[in-house]
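Take a look at this single chain in structure tokens; it is the form predicted alone.
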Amino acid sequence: MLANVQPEVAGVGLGYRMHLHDQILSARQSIDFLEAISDQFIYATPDRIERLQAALSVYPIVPHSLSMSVGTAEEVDAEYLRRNANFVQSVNAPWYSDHLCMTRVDELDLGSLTPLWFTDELVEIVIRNVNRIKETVPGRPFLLENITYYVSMPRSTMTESEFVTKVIEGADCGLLLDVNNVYVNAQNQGYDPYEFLKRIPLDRVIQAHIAGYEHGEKVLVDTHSSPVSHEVWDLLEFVCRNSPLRAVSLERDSNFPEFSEMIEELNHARKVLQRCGRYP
């Protein structure tokens, strides 16, 4: 069972972004691991691979994919899975992950992380695809991440928490819990984020994401472009105290502050882990 897995990676990590390469390499005392977007490297040029190898010589790396499209009725693309498996093995990843969503339909690239209908049919589709994914890298835990969504999908027959629970337990996989996504969805969809967390399998949480959001005209928008909010910090502490959480990673994709400000957020996350007795 996944709950018995004891990954080597633990602590606080940062999403690897190429233009932050030099600053990341100089911050060894503040960063415990890096999360690398697999899609940026499985088709990469030699110079990009060389830079990642330099980072790998300093930090453990956890791969995070964007395009497995576990909610698509068609099988996961075999060539993409092969390349992803090679990448996971090449960095000796303790686990790897993707999103609970779809990114393509009938070979059409949707260009975004598209939410799924919360139905039993989709549960079965995701379970089938996750089992196929797990076969490509045996012995390494696979995690699914909850995404943000801005409209309730029609014809859903269960709640988001019920859907997440059925998928994660049915596929026997782990949960990469994006705490910012939980808060954004709760505000936009009108539910209590703590009640949501109580209803999903927190015992399956290995890694968490933290990030910032922006205020749109009528909704909160998951932009990864702002500091982590105090509400998200509070939710992270709740997760930490009620799950076997081992790793927290910060995502920042635009509107970058001084690097020292990102390190301060990592230090804040480290203190949360320490208060919960989860920092090695």
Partner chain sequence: MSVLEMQRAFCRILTDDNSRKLFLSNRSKFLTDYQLNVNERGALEEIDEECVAVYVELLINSRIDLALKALPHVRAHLPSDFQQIYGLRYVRDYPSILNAEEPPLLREFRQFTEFLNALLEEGEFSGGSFKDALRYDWIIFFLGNDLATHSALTEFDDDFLVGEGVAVSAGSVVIRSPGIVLESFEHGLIGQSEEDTSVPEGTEPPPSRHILFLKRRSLSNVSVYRLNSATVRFLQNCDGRRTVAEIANSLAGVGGIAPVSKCLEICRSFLRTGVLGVVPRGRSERIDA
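Residue numbers count along the first chain shown, from 1. Keep in mind that what you see is a predicted model, and the values were worked out from it rather than measured.
Not pictured, yet referred to below: the form predicted in complex with its partner chain.
Between its partner chain and the residues A171, V91, I133, I125, the one pair within 4.5 Å by heavy atoms in the model of the complex involves I125. Though its partner chain is absent from this view, in the model of the complex it lies within 4.5 Å of a heavy atom of just one residue from D253, E237, E231, E214, which is D253. Segments offered: 237 to 245, 24 to 32, 54 to 62, 217 to 225. Contacting its partner chain in the model of the complex at heavy atom distances within 4.5 Å is 217 to 225.
Contact check for D106: a non-hydrogen atom falls within 4.5 Å of its partner chain in the model of the complex. Not displayed here, its partner chain is approached by V151 to within 4.5 Å at the level of heavy atoms in the model of the complex. Using a 4.5 Å cutoff between non-hydrogen atoms, P141 does not count as a contact of its partner chain in the model of the complex. Taking the partner from elsewhere, Y191 is found to have every heavy atom lying beyond 4.5 Å of its partner chain in the model of the complex. Shown here without its partner chain, the chain has Y43, A44, T45, P46, D47, R48, R51 in 40 to 70 lying with a heavy atom within 4.5 Å of that partner in the model of the complex.
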